[in-house]
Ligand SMILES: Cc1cc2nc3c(=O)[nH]c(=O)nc-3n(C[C@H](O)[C@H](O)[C@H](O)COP(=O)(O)OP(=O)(O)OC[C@H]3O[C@@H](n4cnc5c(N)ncnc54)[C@H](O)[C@@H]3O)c2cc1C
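Below you'll find only one chain, the form predicted on its own, shown as structure tokens.
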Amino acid sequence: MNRFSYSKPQQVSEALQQLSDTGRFIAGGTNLLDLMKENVARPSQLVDINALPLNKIETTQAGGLRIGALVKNSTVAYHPDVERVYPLLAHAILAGASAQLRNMASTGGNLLQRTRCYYFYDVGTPCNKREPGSGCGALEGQNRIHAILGHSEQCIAVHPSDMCVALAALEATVHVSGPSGNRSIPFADFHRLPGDTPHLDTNLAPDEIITAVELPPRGFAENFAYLKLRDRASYAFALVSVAAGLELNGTSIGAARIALGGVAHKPWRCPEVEAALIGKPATEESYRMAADALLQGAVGFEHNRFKIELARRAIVRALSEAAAGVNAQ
């Protein structure tokens, strides 16, 4: 591990002032410390933000919920308002990692997780995300866990978070602060597809800090499902995950949200597909139509083509469970 300086500011303004061009903010450290141990990340400075006043969950004037960037994942999952209004988010968080990691990981840090691609973590192999221009080892290598949607010739890695898939379906907003002031980023615009810049995971500027995640009032508390398909039952990243929320008008669909994880460089949504479900009967035929539309253009590689059909079946199953209300308390 390389040498680095360390500071622990008390206010957001201090943290922004103290951060250098080659420094990093650290909260729970559940991802950053791993990257440092593997020499994937080599910051010259760590700015510990755990003392910042960003650890509250508060109701907004609009009737939603504002979750501070330093609130632990476990706290979010078991918060009464989250369990009552946004159970989709609670289920997604509890499907991810271990209890020990959830007790350490922060809300803001979860949004900034780096990919778990084998080649990204192995500094002896080419990786455009780690070293732009070096190539993508996964293209012709072991790519079973990699993307089937939104990838490019530069990168076929996937985003690893479970929480973010639910936040995408809920249409959360990310609040950030920087030297130029505060701004809000719609969750759909926060993460990036790889394109020609796979080393850039998000649209957060290097000198900005996440301060909160805001949830709108609509939580799909009655008809929702979070389905995570993985190689083993615990502590494994998703091969495919689906966050689904429905509002039903009798036997027809009044509103729909579908977000996919494990298939792209960011949580995958298509509002046009969701809009096409409105007014359709809540039947398997409608869900299959949505699945086919969501996966239009999906392309697999040597070891992960199975994920296309796996995703199709997962979407149908998640929507069926959401419509049946099997997860509602």
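If you're wondering where the values come from, they're calculated on a predicted model, not measured in any experiment. Numbers follow the displayed sequence, beginning with 1.
Beyond the structure shown, there is the form predicted in complex with this ligand, which is absent from this document and is the topic of what follows.
Asker: Which one of these stretches, 128 to 136, 244 to 252, 178 to 186, 203 to 211, sits within 4.5 Å of this ligand in the predicted bound form when only heavy atoms are counted?
Answerer: Careful reading of the contacts points to 203 to 211.
Asker: Only one of Ser286, Asn31, Asn55, Asn304 gets a heavy atom within 4.5 Å of this ligand in the predicted bound form. Which one?
Answerer: Of the listed residues, the single hit is Asn31.
Asker: Among Ala69, Leu65, Leu277, Ala264, which has any heavy atom within 4.5 Å of this ligand in the predicted bound form?
Answerer: Selected residue: Ala69.
Asker: Is Arg312 part of the interface with this ligand in the predicted bound form - any heavy atom within 4.5 Å?
Answerer: No, Arg312 is distant from the partner.
Asker: Hey, in the predicted bound form, does Asn110 get a heavy atom within 4.5 angstroms of this ligand?
Answerer: Result yes; Asn110 sits at the interface with this ligand in the predicted bound form.
Asker: I'd like to know whether Ala97 contacts this ligand in the predicted bound form, with contact meaning heavy atoms within 4.5 angstroms.
Answerer: It does: once this ligand is placed as it appears in the predicted bound form, Ala97 has a heavy atom within 4.5 Å of it.
Asker: Please tell me whether any heavy atom belonging to Asn143 falls inside 4.5 Å of a heavy atom of this ligand, as the geometry stands in the predicted bound form.
Answerer: No, no contact at 4.5 Å.
Asker: Of 214 to 253, which residues get within 4.5 Å of this ligand in the predicted bound form if you count heavy atoms?
Answerer: Lys228, Tyr235, Ala236, Phe237 sit within 4.5 Å of the partner.
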